[in-house]
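Given next, in structure tokens, is a single chain: the form predicted on its own.
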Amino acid sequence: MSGTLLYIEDDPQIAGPVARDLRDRGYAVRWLQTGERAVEEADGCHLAILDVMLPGLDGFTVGQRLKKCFPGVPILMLSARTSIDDKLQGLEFADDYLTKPFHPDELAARIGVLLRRSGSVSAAPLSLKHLTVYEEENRIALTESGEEIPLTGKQFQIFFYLLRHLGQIMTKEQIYEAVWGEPYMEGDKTLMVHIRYLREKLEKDPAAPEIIETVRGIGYRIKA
């Protein structure tokens, strides 16, 4: 995937490796150490990555200004602050919130999801463990052989709902209501059965899933 990213991070020891990794993946990166010129530099960018703790204007303020001026540009917040209040404050305007430390692959995967969702750049296939996901073509294939994996309509909806929230824990209620369009009834096994069949198609070992993780007592997520 390609595109221009605005990256605001004041620590060069963090920003340097992140910016190099993103450029190696095909992105153009505009790096700023403060948010004072964020609005000017955001013109022509496809996505903004903001650290919360910035000198001068904090990331929340910068993000709100960017969203006001460029409502169609996705914003990804980065922060070592993990409290739910900070996340909720960020998600009032941001499209995703990633806590530090993070793996470069997870950052790249989340950027890819946001860019595909916004439609601001053409979507390239997403590599996910041993799978290649062609979201625009609605298909999934084994990377090594290229063999396509057929999914039912509901399996497809579940997988791509989780993919759009990559790395995030989604509750059974959220998934069920998004896919079936009706309230989840406690004790209903429908979603669990679909997840089991989905794993049988996607996982190398369904008994030890690497892609769709169960978060006991809460729900599921796709690991980045």
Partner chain sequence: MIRRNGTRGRNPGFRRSLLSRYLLIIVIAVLFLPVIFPLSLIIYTLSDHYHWTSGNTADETKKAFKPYSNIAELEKMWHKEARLLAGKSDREIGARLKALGDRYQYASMFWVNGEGMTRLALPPEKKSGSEAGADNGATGGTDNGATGRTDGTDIGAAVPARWTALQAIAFMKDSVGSDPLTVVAFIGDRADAGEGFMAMRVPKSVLPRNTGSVPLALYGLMLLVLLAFAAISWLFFAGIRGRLLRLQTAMTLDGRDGLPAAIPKGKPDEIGMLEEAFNTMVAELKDSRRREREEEELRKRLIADLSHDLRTPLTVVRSHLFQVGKEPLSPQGKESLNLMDERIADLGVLIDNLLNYNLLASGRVKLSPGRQDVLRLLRESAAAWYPVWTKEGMEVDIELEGEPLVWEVDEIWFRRVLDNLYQNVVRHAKGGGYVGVAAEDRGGVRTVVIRDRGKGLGEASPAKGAGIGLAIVDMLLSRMGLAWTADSDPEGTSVCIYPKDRG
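Residue numbers count along the first chain shown, from 1. In this text the structure is predicted, and so the values were computed from the model without any measurement.
The next section is about a form of this same protein that is not shown, the form predicted in complex with its partner chain.
Contact with its partner chain in the model of the complex, defined as a heavy atom within 4.5 Å, is made by all three of 21, 53 and 217. Shown alone, this chain has one stretch from 170-178, 41-49, 193-201, 152-160 that lies within 4.5 Å of its partner chain in the model of the complex by heavy atoms: 170-178. Within 4.5 Å of some heavy atom of its partner chain in the model of the complex lies at least one heavy atom of residue 80.
Although the partner is absent here, residue 104 is a contact residue: one of its heavy atoms lies within 4.5 angstroms of its partner chain in the model of the complex. Contact annotation: residue 142 falls outside 4.5 Å of its partner chain in the model of the complex, judged by heavy atom distances. When its partner chain is considered in the model of the complex, residue 147 lies well away from it, no heavy atom lying within 4.5 Å. Along 6-20, a non-hydrogen atom within 4.5 Å of its partner chain in the model of the complex is carried by 11, 13, 14, 17, 18, 20, in order along the sequence.
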